[in-house]
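We begin with a single chain expressed as structure tokens, specifically the form predicted on its own.
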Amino acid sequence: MTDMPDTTTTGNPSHDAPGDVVDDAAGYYREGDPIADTKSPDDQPVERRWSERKFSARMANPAKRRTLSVIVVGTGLAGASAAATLGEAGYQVKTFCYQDSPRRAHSIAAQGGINAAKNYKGDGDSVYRLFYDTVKGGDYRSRESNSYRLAEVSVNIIDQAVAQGVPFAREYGGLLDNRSFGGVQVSRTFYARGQTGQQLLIGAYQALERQVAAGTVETFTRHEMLELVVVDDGSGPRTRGIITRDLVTGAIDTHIADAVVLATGGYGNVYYLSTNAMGSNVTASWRAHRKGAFFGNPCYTQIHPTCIPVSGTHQSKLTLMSESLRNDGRIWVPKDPADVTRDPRDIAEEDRDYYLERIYPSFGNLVPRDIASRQAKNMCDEGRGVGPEVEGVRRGVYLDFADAIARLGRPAIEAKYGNLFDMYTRITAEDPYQTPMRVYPAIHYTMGGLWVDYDLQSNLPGLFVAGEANFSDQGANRLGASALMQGLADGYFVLPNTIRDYLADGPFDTVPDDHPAVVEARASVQERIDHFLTVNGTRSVDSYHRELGNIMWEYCGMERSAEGLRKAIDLIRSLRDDFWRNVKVLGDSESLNQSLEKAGRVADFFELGELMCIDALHRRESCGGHFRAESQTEDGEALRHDDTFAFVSAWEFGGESGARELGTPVLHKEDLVYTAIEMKQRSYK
């Protein structure tokens, strides 16, 4: 992974009127009809909308629920909690995951905590403040109704998790403890040392297994969804099932249900190097997109500021260091570039630049992730990066706990962060109790995802999307500790209350195996598999994935420009064409074949990567994690343009020719309207 090239700023054009904005993406897309979220009761005050929607959603009686079936793809926090809750309600549920156990979902890797507006610290927190911080942190590009609901539901998640036995940290008196995360000035993050995701996933997994034992949930492990089954029943398209491949035997199977829920996580692995598990992919979402589901804000990716830096070209993934470390650790670089090779313990206090504390005195080291990431890049671009040189550049800044250890004592730091420090030591062979950690930004979460309405239903009837796989709650930048909150909110409390409105019309007609939609879906899966196994080229799947990732990081990473994005689109198209003609996949399709698995996932990453660049090219503003070089203030901060871009970009698949050439994607815009909050330029100074 290499750093962004130097980009020349073309000035700060005036955006007083929409006509002033040059459409850099003209020719890359077609304009479609506007889209709207019709399920949110926007005529109600924001604090009443969720209660109103729950009351108005239709219901099915317990006897009828036993006749209704739901497929849940993905068994992380969102998927496991949704499947467990739907099973508890009496629906017949099937779950699918490509891991050997739901406990292997990437949710287990989350470290620092989960937000909830309980105000246990008495420091002024509230549901409204969490809502405000979420919308502001997302740079005013998230839905007002969804963000408020997320904050409102957050208070129930902690009670649910405690009842399941999740061992949250507690104060001396036994009360649940809290700490702060970036982008906020209160302590609202509940945590279990640096293992919060693991503990919450175990809780959800136990709830899921209880329903497995009760007979309401059937689990399919080591099964990968490769296609969506969409049936036109005379009233229009309706999602009715999925096509899967058994990753052990290679068997292709059809599974039909009354509704399908995708809870398959984010697509950060399009960058190759990211903090995601290596198996994380976009295939389930992308197969749905190709069948007609709109993809919302694909260019909105989050760069996490505190990851272990790249150490060489041998790496296949990056390791996250929890943002919670910024509570007690201070971030700095040497003031003098000549000091970057010195032992940091020998650099005097007056020769250190605590740049976040200097630039953003109100928030200091707890500024949002996108801001902390860009400033770390700026320090390294100035030649003040630390650590070993990789491809001629030092990419690292110090995260120093010396002051915290002196103030609190080493035992207190060990109690809060001990497992994180141990992990850092194992990976770097350095002791962070003695020497400052070195961290650098890396691809982490993705705010974009399949477009959904207030009910979490996509524009394809019967297809629901939960957790990170949907776009709805986080806007252009996610606050730290809100991923776990959204996943569990969607799974435990939102989806079970909204999917019943759709299922009230079921059960739907049986779909036989010889139905044309099923036959077409199975044939498309088999054709892709056959192609990968017979092309017999000269390059490995991983080599293509790494090259694609380099392109995405260079031109659609922390900083983007029109020139760079156009170049990226050309490079991706050329590389994708070579991939289909020259990839080499060994083995067969009747057994475990990880090279074959990767080939299908990378093929979808190519198409997603192109759409991400087109979306970034079209959005000529700096917003959250999306920083356009052409749109910045005089002091280098992000410059948003609400008069032109206050909308969700919902992209429709443009089709494909027989030569695997992609058609022109269609852009549908959903206007963002705020009634309970004022849109303003973010400031954390």
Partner chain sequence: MTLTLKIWRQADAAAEGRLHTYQLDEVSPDMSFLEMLDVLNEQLNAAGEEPVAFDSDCREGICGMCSLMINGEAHGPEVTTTCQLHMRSFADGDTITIEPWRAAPFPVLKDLVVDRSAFDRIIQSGGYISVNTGAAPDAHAIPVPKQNADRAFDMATCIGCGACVAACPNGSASLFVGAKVTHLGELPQGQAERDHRVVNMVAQHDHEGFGGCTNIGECAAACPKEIPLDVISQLNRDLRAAMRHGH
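Just so it is clear, the structure is predicted and the values come from calculations on it, not from any experiment. For the two forms, the rigid core is made up of the largest set of C-alpha atoms that agree within 1.5 Å on superposition. Positions refer to the first chain, counted from 1.
One more form of this protein should be noted, the form predicted together with the partner chain, which is absent from this view; the next part is about it.
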{"property": "Candidate from 519, 415, 393, 592 lying within 4.5 Å of the partner chain in the predicted complex - any heavy atom", "result": "592"}
{"property": "Listed residue (550, 428, 327, 187) with a non-hydrogen atom within 4.5 angstroms of the partner chain in the predicted complex", "result": "428"}
{"property": "Contact label in the predicted complex: residue 266 to the partner chain, heavy atom within 4.5 Å", "result": "no"}
{"property": "Any non-hydrogen atom of residue 176 within 4.5 angstroms of the partner chain in the predicted complex", "result": "yes"}
{"property": "Any non-hydrogen atom of residue 279 within 4.5 angstroms of the partner chain in the predicted complex", "result": "yes"}
{"property": "Non-hydrogen atom contact residue 171 with the partner chain in the predicted complex at 4.5 angstroms", "result": "yes"}
{"property": "Three-residue site 371, 374 and 677 fully in contact with the partner chain in the predicted complex at 4.5 Å by heavy atom", "result": "no"}
{"property": "Candidate stretches 282 to 290, 333 to 341, 540 to 548, 228 to 236, one within 4.5 Å of the partner chain in the predicted complex by heavy atom", "result": "540 to 548"}
{"property": "Any residue of 89 to 114 that, in the predicted complex, places a heavy atom within 4.5 Å of the partner chain", "result": "98, 99, 100, 101, 102, 103, 104, 106, 108, 109, 111"}
{"property": "Threshold 2 Å Cα movement between this form and the one not shown for residue 419, core superposed", "result": "yes"}
{"property": "Did residue 590 shift 2 Å or more between this form and the one not shown, C-alpha, core superposed", "result": "no"}
{"property": "Cα displacement of residue 202 between this form and the one not shown reaching 2 Å, rigid core superposed", "result": "no"}
